[in-house]
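In structure tokens, the next block holds one chain alone, the form predicted on its own.
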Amino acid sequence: MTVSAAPAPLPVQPPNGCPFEPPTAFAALRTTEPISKVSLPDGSWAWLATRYGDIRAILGDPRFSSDTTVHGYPLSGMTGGAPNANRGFIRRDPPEHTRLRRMVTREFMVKRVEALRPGIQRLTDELCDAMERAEGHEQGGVDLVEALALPVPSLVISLLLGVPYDDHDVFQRLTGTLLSRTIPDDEREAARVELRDYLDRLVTAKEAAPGDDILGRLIVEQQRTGEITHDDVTAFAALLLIAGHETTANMIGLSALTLMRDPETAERLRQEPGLIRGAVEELLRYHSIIRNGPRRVATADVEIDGHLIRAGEGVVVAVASANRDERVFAEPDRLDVRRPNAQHHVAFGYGVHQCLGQALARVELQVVIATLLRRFPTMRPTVPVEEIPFRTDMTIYGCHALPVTW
């Protein structure tokens, strides 16, 4: 792509800015230039959409493709995506996307996920028991990310997929490398190959002895009937494994920190436990851990808010900006667990690619946050917020570590 005027760089989280705020440039862009051109790390450019209405229009329009192999897709600076044929179904468009997504949709339906709630509660209680027994927590010896935020979603998705949790160090290390913005491309590619090889061996073993889990059912019901291939099952495994633990883990960490810094809201949730579902929606809106995405490429000329986006031009959709749009959410920079329209957020995306695992993420967040508030009412960070290592280097925002005591 070429452009006559030099566009501004794609806004990113300022290293010294408020850790709970999206890039500061978003607010000004929503007012002055809601559809703007931005430069990407490789020198190319893309459109940046920052208003809620425009973003829903783009994500709901089939003329904007999610396929990373389509010419013009804005891959630059993006991690976790690959312009190759063996990509997950979220990098495909209907009807192929619809066909593949339907194969696992029932696994993440609300009724099925709600049936998991007691097990998620037991797991959370066990991890909280272990935190209470941890030596040295009075001196800040407990990292909430390591002790709770990461294990809950990792254990749950491992169980659902049939991935041995004993291997969590492997897939968490590889996922962390894949989602890093600072690790060189060749190292990320090596991690992608290592994860693919690991899952390839796992799927091969399951083909010989499929279990009662998502991958086992995919093999029996879809692969053996010729609907999908071995590589498709491997791609399913990679997508669900990565998406199933990284996003929720970081939301747990950020949510816990937010409530520790807002004792009035935390106490309100303790006094009125029924508010937890709305509180989780508000925390999802408030944090929006995908700061610069998702991305699309136009497959036809499309006019959005008076701007002509031509076929082959890329678009970055800033859902973090949409969720702070003052045209939709009153006082958007304030956390309000009673906000009447918090559930209208687009933290899970919008349109046909809306997050498949959102029901599971909601249950995990509701259980973990409510349990933390109930069992650790005096929990607090042991270091100033400025010393907490936030994930400004990663595609998915959150905390690398969160040392706490109580």
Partner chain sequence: MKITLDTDKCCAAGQCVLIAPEVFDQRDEDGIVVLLDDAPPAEQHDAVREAAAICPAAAIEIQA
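Bear in mind that the values here come from a model prediction, so they are computed numbers and not experimental data. Positions refer to the first chain, counted from 1.
Although not depicted, the form predicted together with its partner chain is the subject of the following passage.
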Whether 343, 351 and 354 all lie within 4.5 angstroms of its partner chain in the predicted complex by heavy atom: yes
Where does its partner chain sit in the predicted complex: which of 96 to 104, 328 to 336, 238 to 246, 182 to 190, heavy atoms within 4.5 Å? 96 to 104
Of the options 311, 110, 275, 134, which one has a non-hydrogen atom that comes within 4.5 Å of its partner chain in the predicted complex? 110
Residue among 36, 31, 39, 358 with a heavy atom within 4.5 Å of its partner chain in the predicted complex: 358
Is it the case that residue 56, even though its partner is missing from this view, gets within 4.5 Å of its partner chain in the predicted complex, heavy atoms only? yes
Going by a heavy atom distance of 4.5 Å, is residue 362 a contact of its partner chain in the predicted complex? yes
